[in-house]
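Here we start with a single chain on its own, the form predicted alone, put down as structure tokens.
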């Protein structure tokens, strides 16, 4: 790399450096506790994916350019220039990481590897080595926002098609999917596609909720890519919409990272406090069931287990509501071991499901999740995160687990007394 490129990269590191990050880089003791907490290292035994090794790659650059010893005797002090070999190592270890932060939970110093890797992604992006697919998906979302008039009619037409399905499912010809409704209590932010819109719409309808559907999807590939500015712009789309419509709360669909971005990161990125609440859809459904606004029956008579998505559970703090919902639907709930804060990552987070060259590694890294699922004897595994479900569907197929991977909203719909479901059952 030439001197200008090095100046750019070290400038990124210098900008990101604060006392806490410096402390992380200084005290990581490589005590080996993190190796037993990382699903990727446990599954592969590959040193590349050891959490401390990931941090060490950043430390090597830090030592080279921010310490006198590293500058003058780099070999002795394990300091390195960010050459192509180092950038290759950094890319592989960084974009493979799912950001589950299980290593942080077990670290005696609570060193946040995911935060350190956010610095790694910033360095890679500055070097033109950010993941191309994640970057393209982030740019596409921003383009949609900047040129929304081009897409509006197509989007609204798609919502009308889903609305027709809603009328049939609920048996109510007046059921609707409201869009751009000012003064609604809830702005619901779904993923792209009917699968995350229709069940929520039926639930809101049956509960008598005042709601409106966001024009934008909740997925945020800027977050996965590692560009905080792009991630903020993508989240701004529906956050600004919520302000314009004057809603009381933003409700995020069954998506792990989207919930964490909206509930935790967005205020930090903008420096502004939200004038509304942000909740996960499962918090709302759990409230509806317990308040009697949503009538469900315990209609699932096969064993059901629950997988905590890392961004919803360990990193988002939502543990009990999804379990309470599943217990209200199933006669035989079997939790995984370990669970809640200690749950093993499925291996599909961090945007890795969108990186095709990592498919084989991603499925191999799901070894601990396969063991957990088998140990429960469950026939259904429920999880409120699309990336988790995609990963576990892959594991289900490759490991012949013989289970159904389900969204919790879908299970709720199955246990509601809806005319459309009755007709479908009678037709079958």
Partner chain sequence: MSDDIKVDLELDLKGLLCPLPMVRVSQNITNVPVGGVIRAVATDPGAMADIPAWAQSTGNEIMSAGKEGSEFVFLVKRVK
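Positions refer to the first chain, counted from 1. Note that the structure is a prediction, hence the values are computed from the model and not measured.
Only in words, not in the display: the form predicted in complex with its partner chain, which the text now covers.
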Complete contact of 136, 154 and 161 with its partner chain in the predicted complex (any heavy atom, 4.5 Å): yes
According to a 4.5 angstroms non-hydrogen atom cut-off, is residue 195 in contact with its partner chain in the predicted complex? yes
Against its partner chain in the predicted complex, would residue 356 count as a contact residue? Criterion: heavy atoms within 4.5 Å. yes
Give a yes/no on whether residue 390 approaches its partner chain to within 4.5 Å in the predicted complex, heavy atoms considered. yes
Flag residue 144 as yes or no: does it have a non-hydrogen atom within 4.5 angstroms of any non-hydrogen atom of its partner chain in the predicted complex? yes
Contact stretch among 396-404, 59-67, 382-390, 23-31 - heavy atom within 4.5 Å of its partner chain in the predicted complex: 382-390
Heavy atom within 4.5 Å of its partner chain in the predicted complex: which of 204, 344, 221, 238 fits that? Just give me the one. 221
Can you pick the one in 140, 264, 302, 299 that has a heavy atom within 4.5 Å of its partner chain in the predicted complex? 140
